[in-house]
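The chain below stands alone and is given as structure tokens, in the form predicted alone.
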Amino acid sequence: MSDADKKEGVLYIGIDLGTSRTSVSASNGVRETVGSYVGYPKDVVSQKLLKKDVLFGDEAVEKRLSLRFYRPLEHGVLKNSNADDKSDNEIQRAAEDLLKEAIRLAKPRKDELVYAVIGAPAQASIHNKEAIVRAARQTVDSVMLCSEPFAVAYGLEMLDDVLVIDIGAGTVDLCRMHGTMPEDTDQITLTSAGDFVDERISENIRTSFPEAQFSVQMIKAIKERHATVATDTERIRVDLPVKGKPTSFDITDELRNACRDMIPPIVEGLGKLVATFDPEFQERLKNRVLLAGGGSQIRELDSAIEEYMHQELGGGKVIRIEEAIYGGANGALKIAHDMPAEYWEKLS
């Protein structure tokens, strides 16, 4: 593929394929995001009601009681493990349909080839990477996978002596950048991410207010609106049903403590990446920490991680990136533009 070929007739797309949200940046200027939820009508009644064969994102969540409802990514990778299993085939189909929707949102012309770089968790297994490529096969002409934190750093052109924290719903990906493509030893994947925080919030509320009723989706909505680790925040009150009656609860401590629970594993992981780095450059590495991903939007999280780094590692400086939702997709798009032809895997 010559440079001329690269510029004409090809739409380059960067995709951040996340457990709860999939974001897209394309070379035609389109930027879109959709919840990583897919639903299919359960029966003829729901088909008649919904008038659609497949629903995505917020619409799928809203109508989920009428749907076979899937969240095809778990901890940032496809759930399926056995291609012969019927439920796994449904999940694979949901993943393929989610990628199709992501590509559709990028608005490719019919005469364009689609070249996509897809961000995957830092330590996704070979099997899971193959599953993502298999899902992409239905939609794109050529594909390349990269680790999500690498995509964030690449998009910001911070490739030398940088630690990246990419907090998603399923995973927290840590990556050490030192001027080359990161190797396995440069990357750590943790599961103490957004879903972990949701579980902790739920546990804390059940303990403090056993009479309160709530669903996972209600907890996610509360977290997205109120999440904070700040100690001087205003009190957070929410209405939750008790025997069908909306009742006000002060969940400030329950929410804050749950959000703070993700900090120690992150700093422990950073410590491992620092300790195994060249001693001459360890201080520089600690003072160049990028905080990215949807979870980076938790209020005061950058300051709290920095404070904990000072306690445990003797110092550190954390910078929250400006574009939490599109940081990974923007970086993946930049990689797509820059990578030579031999790095691409053609799908035929």
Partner chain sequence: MRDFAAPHTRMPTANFTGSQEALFSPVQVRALMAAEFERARRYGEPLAGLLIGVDRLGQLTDFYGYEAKSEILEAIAELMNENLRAGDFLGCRIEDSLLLILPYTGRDGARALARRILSGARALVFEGGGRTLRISVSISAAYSDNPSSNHFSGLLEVTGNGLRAATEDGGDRFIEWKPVESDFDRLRRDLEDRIQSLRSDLPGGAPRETANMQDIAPAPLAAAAPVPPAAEEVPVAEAESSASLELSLSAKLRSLLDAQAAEGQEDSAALQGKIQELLTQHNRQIDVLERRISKLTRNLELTEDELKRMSLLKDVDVGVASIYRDVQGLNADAESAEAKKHMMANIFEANMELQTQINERARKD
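On a predicted model such as this, the values are computed, not experimentally measured, just so you know. Numbering follows the first chain given and starts at 1.
Beyond the structure shown, there is the form predicted in complex with its partner chain, which is absent from this document and is the topic of what follows.
**Student:** With the partner removed from view, which of 231-239, 254-262, 134-142, 274-282 is the stretch that lies within 4.5 Å of its partner chain in the predicted complex, judged by heavy atom distances?
**Tutor:** Contact-bearing stretch, as computed: 134-142.
**Student:** Exactly one residue in 269, 170, 72, 108 has a non-hydrogen atom within 4.5 Å of its partner chain in the predicted complex; which is it?
**Tutor:** Going through each option in turn, the one that passes is 108.
**Student:** Using a 4.5 Å heavy atom cut-off, which residue among 96, 198, 90, 112 comes into contact with its partner chain in the predicted complex?
**Tutor:** Contact residue from the list: 112.
**Student:** Tell me, yes or no, whether residue 225 is in contact with its partner chain in the predicted complex, where a contact means a heavy atom of each within 4.5 Å.
**Tutor:** It does not: once its partner chain is placed as it appears in the predicted complex, residue 225 has no heavy atom within 4.5 Å of it.
**Student:** Taking heavy atoms only, is residue 339 within 4.5 angstroms of its partner chain in the predicted complex?
**Tutor:** It does: once its partner chain is placed as it appears in the predicted complex, residue 339 has a heavy atom within 4.5 Å of it.
**Student:** Spell out, yes or no, whether the shortest heavy atom distance between residue 220 and its partner chain in the predicted complex is within 4.5 Å.
**Tutor:** Result no; residue 220 lies far from its partner chain in the predicted complex.
**Student:** Counting only non-hydrogen atoms and a 4.5 angstroms cut-off, does residue 181 reach its partner chain in the predicted complex?
**Tutor:** Residue 181: yes, in contact with its partner chain in the predicted complex.
**Student:** Please determine whether each residue of 10, 104 and 129 possesses a non-hydrogen atom within 4.5 angstroms of its partner chain in the predicted complex.
**Tutor:** Per the other structure, all of 10, 104 and 129 touch its partner chain.
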